[in-house]
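In the block that follows, a single chain appears as structure tokens, in the form predicted on its own.
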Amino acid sequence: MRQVNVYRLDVGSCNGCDIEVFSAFARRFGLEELGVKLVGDPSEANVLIVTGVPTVKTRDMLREVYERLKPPRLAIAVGACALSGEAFEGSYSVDGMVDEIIHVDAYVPGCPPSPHAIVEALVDVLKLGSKAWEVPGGFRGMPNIDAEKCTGCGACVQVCPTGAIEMVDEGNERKVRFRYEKCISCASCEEACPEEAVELGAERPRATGDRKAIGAEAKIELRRCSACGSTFAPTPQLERTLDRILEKKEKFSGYRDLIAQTMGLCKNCRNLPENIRKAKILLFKLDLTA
């Protein structure tokens, strides 16, 4: 059996991922039986596990430790900080990402990732076969987004503490992107979504060879202004808003088309004198109806 030695290096983390790395080498996970051992000297190791985000004080140390590894030098970046900088991204002390300093063979997302995910990453990178475990009940993995339910309202973007969710308008589409390399599985997006379109999956995040390729995305059609033709808001959001208005005020159902026409105007066109006049007339009618 070929012996594989692993060295762990923390370049700037909270130590949450380090605890999970040490847990991964517990007897019950069977790495020792596969010939994988944790060592305290990088010159004895073939594999480097990196946790945390590189800082101005640890950048050179990371490069030096990597160069001391025995061939073939393999590196695994573990945890959201090592993949993206996470909450520390943009900090004055952060000095690049791990893969900007050394070559990284696999990325394990999570904050922190489970020991199971770390073991699976080692097994995959070292081509030692396969290992799988059942995910415990109530496990919070990566968020899944239901594109059919998502209205592109942006509530999830507003509450995400690590900026792991992006909302980009391109042409006649709004893209809501979940970047798993920054996700900490806090479930804020799931709790904030008014349409219940986001749910944290039960599966563990798997190791990947491209940290920027992991994630989920929903594409939502943008409504064009009925007056000027410019895109201005997601069509599903406008439709759902109208439905909610009529659910709360059934008496307004006879004015559905007029309300929809007003909602179909962009901000600039709504401020035109003739459209302001029409809107005031509609509000007067609605007030009388109520």
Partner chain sequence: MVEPELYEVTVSNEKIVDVDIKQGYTHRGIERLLATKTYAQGVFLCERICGFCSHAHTTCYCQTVEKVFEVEPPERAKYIRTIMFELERLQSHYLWTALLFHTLGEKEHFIKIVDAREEIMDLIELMCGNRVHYGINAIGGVRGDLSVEMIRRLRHALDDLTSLSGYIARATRELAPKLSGIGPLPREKALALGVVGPVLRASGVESDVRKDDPYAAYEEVDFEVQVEDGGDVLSRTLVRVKETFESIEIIRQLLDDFPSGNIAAEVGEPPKEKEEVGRVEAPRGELIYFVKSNGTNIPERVKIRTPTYMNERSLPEMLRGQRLSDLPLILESIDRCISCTNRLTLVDQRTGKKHQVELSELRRGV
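The model shown is predicted, which means the values in this text are computed figures rather than measured ones. Positions refer to the first chain, counted from 1.
Just so you know, the form predicted together with the partner chain exists too; it's not on screen, but the next bit is about it.
A residue is said to contact a partner when one of its heavy atoms sits within 4.5 Å of a partner heavy atom; residue 237 fails this definition for the partner chain in the predicted complex, lying far away. Although the partner is absent from this view, residue 61 contacts the partner chain in the predicted complex, with a non-hydrogen atom inside 4.5 angstroms.
Using a 4.5 Å cutoff between non-hydrogen atoms, residue 86 counts as a contact of the partner chain in the predicted complex.
Shown alone here, residue 191 lies within 4.5 Å of the partner chain in the predicted complex, counting heavy atoms only. Here the chain stands by itself, but in the predicted complex one stretch of 36-44, 238-246, 258-266, 223-231, 36-44, has heavy atoms within 4.5 Å of the partner chain. Annotation: in the predicted complex, residues 16, 91 and 116 each come within 4.5 Å of the partner chain through at least one heavy atom. Interface residue among 186, 147, 125, 167 relative to the partner chain in the predicted complex, by the heavy atom within 4.5 Å criterion: 186. Along 50-83, residues 53, 55, 57, 58, 61, 65, 68 each place a heavy atom within 4.5 Å of the partner chain in the predicted complex.
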